[in-house]
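To begin, one chain is listed below as structure tokens, in the form predicted alone.
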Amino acid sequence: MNLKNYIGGGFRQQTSNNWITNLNPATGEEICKVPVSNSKDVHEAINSARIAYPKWSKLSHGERSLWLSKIADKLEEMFEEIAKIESIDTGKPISLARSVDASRSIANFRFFSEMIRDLEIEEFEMEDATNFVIQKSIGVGALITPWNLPLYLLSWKIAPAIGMGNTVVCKPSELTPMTADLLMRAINDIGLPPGVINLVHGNGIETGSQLVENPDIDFVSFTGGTVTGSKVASSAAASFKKLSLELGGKNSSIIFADCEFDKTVRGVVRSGFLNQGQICLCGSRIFIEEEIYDDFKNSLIDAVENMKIGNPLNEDTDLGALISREHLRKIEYYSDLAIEEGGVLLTGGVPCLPKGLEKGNWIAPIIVEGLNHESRCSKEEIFGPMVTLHKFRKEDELIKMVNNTKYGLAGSVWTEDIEKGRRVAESIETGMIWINTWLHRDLRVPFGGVKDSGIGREGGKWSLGFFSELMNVCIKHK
């Protein structure tokens, strides 16, 4: 299967004859060929979006809301296909692809459909005048998404972007292009006006950079690694494009002795290893109060070793494959580095696998103890199934250790003392934090980080704010 770009309401062959082979992470078998789009393809997609923009932007919020609902309805019809494709393309368990990727992708379109439908103009009264604050569309945007939650994050950007009257050109990761192609099939089937959503496949150098740098792009929304995000920011800055960056994280899970023990073990296992640890919100540094350190460590090891590693398409699989051979080597590098830095591997390594999976990208979850909190493994983003354990005695020393990274995206605090939980949470340099839970998401609240974890916020009114320009109209009374 050779994928095609989606431009101007139709599937089109790329101009060049360059292709990327997309491999199944679990088996190493070829899934499809991905086109590498060049500057001509990118320009054609942007031009298509530019042509569609005037008419689309003039639709009412209610009319655009209906289109988002139509997309959600179509995706709901394709629910099982989304889950299966996402599992094959990413290596994640199909049960996770159903409960997170497929469900959330549909929910994103429904959520923003309702928000945009109910959007009201703000009014501010003065003694002698009335101010009306309106949200106007921006123009044509570039939406660039990563490989770990492909359709989930693409829908999270597309829905508010086009809902606010913009038209877009999307570039999914070349490692996981299949559900982006599925979404284009969905919008093609429902007859979304040509040019409102366009998609170009390719890599960052030959395709993504051309998209970001193009002067006809008015805004850029990027989710991905911090290094790539820095390059995107530099490229966009020269032409003052509006920019949103959701980048990496090195998140802490903080366990106090007064936590609800069994619930906390389950929560910390989930936060450390969901999607093989390949989620920017995963808690990869685990700080445990000294009083319960040994008991918690032993229970954590038992829980992790009981997780089933295997074929992602099997219903009882807990952990699937890593996204690529390159990423597997990265995790192996950090595993070796942990030992060099004085750490002890408590569990993890090469798993025993069923026949047919030998060529996939497999590793068992790794738990490391004995590392200094200033070590590289404790501070650098690994983005895989590897966590480090750290003991703490006092609250003030804990806060210093937690805040010693260049990242500040998320975290969790586990304690039955809610006042203490809030105090500690508010002391952490991060954009998001959960108390006695993890990844419990309300789509209305702001999502994003501080420091090297990004610029701006997504979610609810923050997404609508980014994908629009505010304009104040002041009317003087007689």
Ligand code: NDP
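This structure is a prediction, so every number in the text was calculated from the model and none was measured. Residue positions are given as counts along the sequence shown, with the first one as 1.
Just so you know, the form predicted together with the named molecule exists too; it's not on screen, but the next bit is about it.
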Worksheet, complete the sentence: From I82, V212, I309, I116: within 4.5 Å of the named molecule in the predicted bound form by heavy atoms is V212
Practice prompt. Find the only residue in W434, W67, W56, F447 having a heavy atom within 4.5 Å of the named molecule in the predicted bound form.
Written response: F447
Worksheet item: Taking G91, A97 and L313 as the candidate spot, are all three within 4.5 angstroms of the named molecule in the predicted bound form by heavy atoms?
Response: no
Response to the item:
Within 4.5 Å of the named molecule in the predicted bound form, heavy atom basis, the matching stretch of 202-210, 179-187, 102-110, 349-357 is 202-210
Worksheet item: Is T223 one of the residues lying within 4.5 Å of the named molecule in the predicted bound form, judged by heavy atom distances?
Response: yes
Discussion item. Can you work out whether S137 and the named molecule are in contact in the predicted bound form, taking contact to mean some heavy atom pair no more than 4.5 Å apart?
Written reply: no
Discussion item. If we define contact as a non-hydrogen atom of the residue within 4.5 angstroms of the partner, is E86 a contact of the named molecule in the predicted bound form?
Written reply: no
Practice prompt. Look up in the predicted bound form whether W147 has a non-hydrogen atom within 4.5 angstroms of the named molecule, and give yes or no.
Written response: yes
Worksheet item: If you look in the predicted bound form, which residues in 158-183 sit within 4.5 Å of the named molecule (heavy atoms)?
Response: K171, P172, S173, E174
